[in-house]
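Here you get one chain, nothing else, as structure tokens; it is the form predicted on its own.
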């Protein structure tokens, strides 16, 4: 299931940040590697909430620093 979640997270990241799919790795930092600014991060969280039907509160959003962090959060919280 985690691979499927990763691919869906990757799609959201590629769509929101207009980066190449090859740049989106589990260890990729959303800010440092993928150049997301604070607005990008908000839009990413909204995109993931819509894609996975989960609620990402502010505290959780602040803990999501890498693509893998997003995958892990969604794995734990998606229904």
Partner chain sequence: MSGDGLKTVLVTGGVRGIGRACAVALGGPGRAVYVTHSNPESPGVSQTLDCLRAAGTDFCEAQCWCAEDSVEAEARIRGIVEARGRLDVLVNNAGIIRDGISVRLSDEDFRRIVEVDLFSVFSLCRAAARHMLKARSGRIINMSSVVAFTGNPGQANYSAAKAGVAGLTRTLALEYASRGVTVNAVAPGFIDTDMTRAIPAKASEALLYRIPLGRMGEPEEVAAAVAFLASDAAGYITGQTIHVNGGMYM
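Positions refer to the first chain, counted from 1. Treat the numbers as computed from the prediction; the structure is a model and nothing was measured.
Beyond the structure shown, there is the form predicted in complex with its partner chain, which is absent from this document and is the topic of what follows.
Asks: Even though its partner chain is not shown here, does residue 16 get within 4.5 Å of it in the predicted complex, heavy atoms only?
Replies: Heavy-atom contact with its partner chain at 4.5 Å: present for residue 16.
Asks: State yes or no: in the predicted complex, is some non-hydrogen atom of residue 53 no more than 4.5 angstroms from a non-hydrogen atom of its partner chain?
Replies: Close contact is absent here: in the predicted complex, residue 53 is far from its partner chain, nothing within 4.5 Å, heavy atoms only.
Asks: Looking at the partner-bound form in the predicted complex, is residue 32 within 4.5 Å of its partner chain by any heavy atom?
Replies: The answer is no: residue 32 has no heavy atom within 4.5 Å of its partner chain.
Asks: Any chance all of 40, 46 and 49 sit within 4.5 Å of its partner chain in the predicted complex, going by non-hydrogen atoms?
Replies: Checking in the predicted complex: 40, 46 and 49 are all within 4.5 Å of its partner chain.
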